[in-house]
Each structure stands twice: as C-alpha cells, then as structure tokens.
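The chain below stands alone and is given in structure tokens; this is the form predicted alone.
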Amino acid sequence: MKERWIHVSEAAAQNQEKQFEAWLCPSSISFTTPEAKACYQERVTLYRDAIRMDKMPGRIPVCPSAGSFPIQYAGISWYEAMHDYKKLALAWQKYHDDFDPDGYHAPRTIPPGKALSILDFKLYRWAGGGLRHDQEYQFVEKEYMSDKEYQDLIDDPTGFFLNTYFPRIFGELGPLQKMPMMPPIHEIPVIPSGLMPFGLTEVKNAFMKLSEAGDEVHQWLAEVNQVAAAVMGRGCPAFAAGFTKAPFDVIGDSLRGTRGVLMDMFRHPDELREACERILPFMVKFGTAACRAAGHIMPFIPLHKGADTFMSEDQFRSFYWPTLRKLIIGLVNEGMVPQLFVEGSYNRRLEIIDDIPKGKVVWWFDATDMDRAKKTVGRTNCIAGNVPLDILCTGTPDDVKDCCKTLIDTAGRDGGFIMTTGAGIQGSKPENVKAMIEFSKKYGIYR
C-alpha cells in the first residue's frame, strides 16, 4: 500500500497524459474566436514542453505571479477587493487585458472578507477585519495546537480539525467541540447520543453560520469564475488549479506555529514525523481533487518551513523532505504535475531534492541561485523563476530586461524553464511588469 507514496507507478505517465489532454482541450471553456482557442492551446503546449523538458521550436512561457498587483493597478483598496467581488473581478480582467501574460493567476489570496467576518476568523487579520481598508491581510501566528495534542491529531485528523482546531480559529464555531465521534453513529445503541448534539441550539447556530459563509463564498465564486472564464476564453490558460501543502507546513504554519514546530523537532521528533505521515494522504487527495474538477494538471504547493534559514540539512532530510517527496510522488501517480513554489532559498537543498523522475514537477524558485538550480534539479525537471520583486519595484525597465536576459541565458538554456517572478508582483511599477513580459516573449525564443 505504501508503494504509491514511494515510487512512480507504471500508470503515472498514462494518467498524466490524460490530464494534459484535459488541460489542452477543455470542455468547460467557451472560446471567443477560433484564434483565441488556438492561442490557448499554443500556450498550454509551451507549458507542456517546458514540463517535459522538450526544447521545441517555440519559446519560453512567461507568467509573473500576479499577487495583489491587479488591486494596485486598478486603483482599488484591499477592502474593496475583499468585499466588492465585482470590483475584484474587474481588476483581474484589467490586469490580463493590459499585460497579456501567458497564464492566468486566480485571486486565490483575495478571499471574501464577509465570509471571514461571519465566522469570526482568528487566524488572519484583514482590511475591515482588524486592519485599515488599505492594508494587506496579516497572518496571526500562535500555537493553536499544543504539543500534548499530537496523538489526537494522529488518531483522527478529521475529527481533530472539526472538533478542536476549527473552534479555536473560527470564533463562531466553538459549539463544534460538542460534535460526537462519527464512526459509531450508524449503530442503533449509539444513534440517540450520537445525534443529540445536532439538536442543540448552539450547534445548529454554528452550522447556520457555516451556511451563511458558504452563501457568501458562492457570490465571490460567481464573479471570480466569470472573469476566469473570460480570460481563458480569450486564449490565456490558468497557470495552476488547486492547492495543497507539504505535511510539515500544515503542522508548522498554522497548528504549532514556527516556534512550536522547530522546538518539536527536538522535544517531540517521533510524534512530529508520525503526524506528517498521517496528514500526507489528505494532502494528496486535496491537491488532486481541485485539479481534476478544473481539468488542469498543476496543483500549487507553497513551501515554507523547508527553506535554508529554517532548519539544517540533516533536519530537512529527516523531517521535511520525506513526506514532501511522498506528496510529490502521490500527486504524480494521480497524473498531476506538482507546482512547488520554493519560498526563500533552497541553495543547500538542491542536491537533496534532485530525486524526482524526469519531467514530473515544476520547481518554482524564489531566492535560489538559478544557475545552480539549472545544473541540479533543472537537468531533469522544469524550473521556474525568479525575477526579484525589488527590481520590479525600484528598478527601471532596462534593469528588468537585463535580469530576464540573464535568467533566459542561464536557467532557460536547452528548455525546461518558465519565466516568472520570485514572489507576487505587488508594489511593482507597471512599466516594469510590462517590460518583463514583452521582453521575455521576444528574447525567449528557442533558436
């Protein structure tokens, strides 16, 4: 049973081909013209060739990470973007119309503020939710799970999140602590006690709040999906679909927090490793489901705690990489191409992560040396990156062009490269964003 997390299966290539075909020939997109459809398929082919490490007679695909730049460019506030979904959609439409990148980045980091307020979300602060209307959201890091609760998480991850974690991060979901253990409810002797909590007024109210928040999300989705359909219908494919995380990051980001999880590597190493293994199957299924629903192939995976500055190489090998590699292999066996956004620097990790079969992933680097990346993981798998945000914010168009030229000449040689940014382009000068996209399209042609 564990082989599916360790080795790429014989069926993986066939599964991947089906996903590529679904991405290339989507049934859900209504193209505005035959030319738009041809443009869409040409761009998907550019990505496919880069992923497969083929140097075809084409060019390097160019897709900066939009971040919150469309908000800035449209001249609206964070509050407006999070509460007026039509303005949010129009901002994303304007960005794609004016800059014409090769890929669509959905506004996944601009959630519906009303839904967060309805549930009294405590894990973040946002414009209108504890911050000024012009401020970007902020993460509120705490130890939302104690080090004494590892076994509860290991025994029943779903139950732990529903009954323990969610009541702590959603103020309106406190009554879910009274939810029963689900497995026995189907047996006659325990049906009364199992169903009793669902009749409690406070539990009913918690579910009503979830329903109210869900209605708000549907309104948000209606606008977001409409602009996505419009952008893709004009020939711009989505750069990713779906989302998942490295198991270590699930625990370290928002359960134990940075300080907690780093201490746990010394004080509770066995429990930490077991918890990562226990969460792994959920992360594979989570990343796969959204991609299949969208007819896409690349789930987005931000990598946080594995950066050079967070832990030693030995700790990376022991705690972070084992379940991240299993996550990658699990997704590959489902036909996916994991899009791994390596935040920070992985200069001391490149030889370790160079352990994935050819043409199976995209390593998207933030601050990693791209020449070194090309000579290691870039020999077998596509690499993406990494125009620095400081150049886009403070440099000139010529500075941006010089940076892109260097990346194309080093990381882009012999194929297997996607031109993008090291982070989101929020704060960038519009003329620099335009210079990045237009120059890279012209210079990044394979000769």
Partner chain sequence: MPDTLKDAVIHMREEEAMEIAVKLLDKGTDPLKILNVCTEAMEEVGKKFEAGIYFLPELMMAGEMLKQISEKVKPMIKNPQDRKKSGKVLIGTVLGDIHDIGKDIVGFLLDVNGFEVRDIGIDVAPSAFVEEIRVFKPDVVGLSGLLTLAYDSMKDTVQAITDAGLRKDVKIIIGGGQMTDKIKAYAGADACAKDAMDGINIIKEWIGKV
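Numbering follows the first chain given and starts at 1. Given the structure is predicted, the values throughout are model-derived calculations rather than measurements.
Below, we turn to the form predicted in complex with the partner chain, even though it does not appear here.
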* **Listed residue that, although the partner chain is not shown, lies within 4.5 Å of it in the model of the complex (heavy atoms), from 125, 278, 325, 87** => 125
* To do: Select from the listed residues 33, 406, 394, 28 the one whose heavy atoms reach within 4.5 Å of the partner chain in the model of the complex.
  => 394
* To do: Specify the contacting stretch among 313 to 321, 282 to 290, 107 to 115, 215 to 223, defined as having any heavy atom within 4.5 Å of the partner chain in the model of the complex.
  => 313 to 321
* To do: State yes or no: in the model of the complex, is some non-hydrogen atom of residue 389 no more than 4.5 angstroms from a non-hydrogen atom of the partner chain?
  => yes
* Looking at the partner-bound form in the model of the complex, is residue 423 within 4.5 Å of the partner chain by any heavy atom? -> yes
* To do: Would you please decide whether residue 132 lies within 4.5 angstroms of the partner chain in the model of the complex, comparing each non-hydrogen atom pair?
  => yes
* Although the partner chain is absent from this view, report whether residue 238 comes within 4.5 Å of it in the model of the complex, heavy atoms only. => no
* To do: Can you tell me which bits of 111 to 142 touch the partner chain in the model of the complex, meaning any heavy atom within 4.5 Å?
  => 125, 131, 132, 135, 136, 138, 139, 140, 141
